[in-house]
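A lone chain, given as structure tokens: the form predicted on its own.
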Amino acid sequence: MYKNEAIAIVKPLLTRQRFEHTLRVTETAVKLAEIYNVSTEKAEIASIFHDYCKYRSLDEMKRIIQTTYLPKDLLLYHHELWHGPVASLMIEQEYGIGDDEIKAAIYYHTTGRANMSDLELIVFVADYIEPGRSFPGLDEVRDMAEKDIVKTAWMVSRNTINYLMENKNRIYPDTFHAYNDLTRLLNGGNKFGQ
């Protein structure tokens, strides 16, 4: 699938602000993909579709989670976590996008997970640092993004956990697994769990 075709699919499904966010995430992800020698085409498609199901009805997303292979424990957490996993499934069913790397980058763009691929790291980070976002501590993360994608993803994970804890929100287990795995990598572990 080409960029323009993907954009034409998602544009009518998103608010103007969310669509502009999607374009900024895509631009950021492509830039990071170039730096880290990752497929810019995959970064582009994953980023364009990362919020594909953001505005699906909660009832529809709940039904999809209940009736497919998606983990049922998603339903125990805030519905903001549902759109990534649901989108990873729906892009294959509705548009034949079956690339596992693209689907995983969409699936985990909100929570992260242990053993993220480089493409997953890029979309996870790009969604957080895109130029339209503004909140305390973001400049530090942006500065790191072009130097060390693992450390940047660790910072995103750390900041997300701190934010959720400060606001007394529940934290999905994959978010902790991402933080722990990225911490291991920063402390000298390799990508194979050693």
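Model, not experiment: these values are computed from the prediction. A residue's number is simply how far along the shown sequence it sits, counting from 1.
The same protein has a further form, the form predicted together with a small molecule, not shown here; the description that follows concerns it.
Undergrad: Though the small molecule is not shown, can you say which of L13, L185, I171, L23 has a heavy atom within 4.5 Å of it in the predicted complex?
TA: Contact residue from the list: I171.
Undergrad: Out of the stretches listed (158-166, 61-69, 32-40, 137-145), which one is close to the small molecule in the predicted complex, meaning heavy atoms within 4.5 Å?
TA: Looking at the other structure, the answer is 158-166.
Undergrad: So in the predicted complex, does A104 come within 4.5 Å of the small molecule, heavy atom to heavy atom?
TA: No, no contact at 4.5 Å.
Undergrad: Just to confirm, T110 within 4.5 Å of the small molecule in the predicted complex by heavy atoms?
TA: Heavy-atom contact with the small molecule at 4.5 Å: present for T110.
Undergrad: Although the small molecule is absent from this view, report whether K151 comes within 4.5 Å of it in the predicted complex, heavy atoms only.
TA: No, K151 stays farther than 4.5 Å from the small molecule in the predicted complex.
Undergrad: Taking the small molecule as it sits in the predicted complex, is L81 in contact with it (heavy atom to heavy atom, 4.5 Å or less)?
TA: Judged by the heavy-atom cut-off of 4.5 Å, L81 is in contact with the small molecule in the predicted complex.
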